[in-house]
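Encoded as structure tokens, the following chain is the form predicted alone, with no partner shown.
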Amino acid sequence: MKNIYLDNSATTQVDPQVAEEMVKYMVEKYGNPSSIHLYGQQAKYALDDAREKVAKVINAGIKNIFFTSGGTEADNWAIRGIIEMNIRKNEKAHIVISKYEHSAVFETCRMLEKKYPELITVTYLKPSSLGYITPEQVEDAINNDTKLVSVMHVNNEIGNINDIGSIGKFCRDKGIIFHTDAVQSYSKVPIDVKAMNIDILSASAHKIYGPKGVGMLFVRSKVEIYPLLFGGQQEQGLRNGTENLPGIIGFAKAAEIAQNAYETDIPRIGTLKKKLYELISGSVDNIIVNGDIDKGYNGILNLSFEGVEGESLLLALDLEGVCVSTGSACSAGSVKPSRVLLSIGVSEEMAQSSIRFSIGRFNTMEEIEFAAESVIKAVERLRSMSWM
């Protein structure tokens, strides 16, 4: 059997339809959207059309979508763009985030409170043992200086889906800006920025079978955000620089495909996840499910295998042609246990024994069955070696 890719939360295969569409804007319609001649106008029309397709997924207006180089840039801009407005006024700003936010949010907040200790404070909310952040936690954490709340929609390691609609409503009622990192949920879990009272939202193309190096930030019209880049008038003067048109076209095509295939893709992926867990748990004892397997996102399954080092299991599976992860791609190479798993109360030992399986559009039942068989054999072999 060919190699089996079960690391779709790290990145996804570019859908062939997406790649085909992108090529047109590399070799045929390659104009600069800021140019006024025919080629430029063709590019500008395509850019506007792409913005509309990306916005449609979250029920947003096209003027509220700003293209970026990816989710990390979008997250950084969301946090720094809001807080910069307070720093420039020399006003105190309190930020509320979860302990298991993506590093693009988590490390940005840590940097701000270290750089501006007199102005910036951050509260880090601890998720429940099942991996949820509740509106009640946010309510208890805010104070008179709270300017921003950031809670991710779907956690990238355990797949939990937070109730961002309720959190958004609470923040809107209190006049607090609410940002959500939707990199893992965009086009995979229903999002309506209006109904959910979302002020700012981050997303990325390469998590939805689009190209790497392109993402977007949704910013509600009444929200003031400091510009990310200076130098021109692209992206309404807030994120200057010539737009990555082929990448944006790819993002839009991927979003369009995902939206049209949602009713079939997501249930099918859920069936594959359920089968994978049933096969592994039916033959391997002493395993722990990290997160909420019943209510979490269909594509993520995080398991800890007692008595097995996660890195050793990953390498054993890789030799069998099964590609998985021990956590988020951004922490690959780290010897530290997952910050996400520690935040939900998993012990260091079990956190270092974890594997994240993330299933995607192009996986098949045959691949799932082979992967499960490979896991069962590898765990049995590694446990026998460690207990010798």
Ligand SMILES: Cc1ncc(COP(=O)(O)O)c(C=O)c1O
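Just so it is clear, the model here is predicted, and its values are computed rather than measured. Numbering starts at 1 and runs along the sequence shown.
Only in words, not in the display: the form predicted together with this ligand, which the text now covers.
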Answer among 339-347, 65-73, 29-37, 357-365 for heavy atoms within 4.5 Å of this ligand in the model of the complex: the stretch 65-73
Within 4.5 Å of this ligand in the model of the complex, heavy atoms considered, which of T108, S150, Q184, N160?
-> Q184
Heavy atoms within 4.5 Å of this ligand in the model of the complex: does R239 have any?
-> no
Does H206 make contact with this ligand in the model of the complex, using a 4.5 Å heavy atom cut-off?
-> yes
Can any non-hydrogen atom of N302 be found within 4.5 angstroms of this ligand in the model of the complex?
-> no
Indicate whether N156 is a 4.5 Å heavy atom neighbour of this ligand in the model of the complex.
-> yes
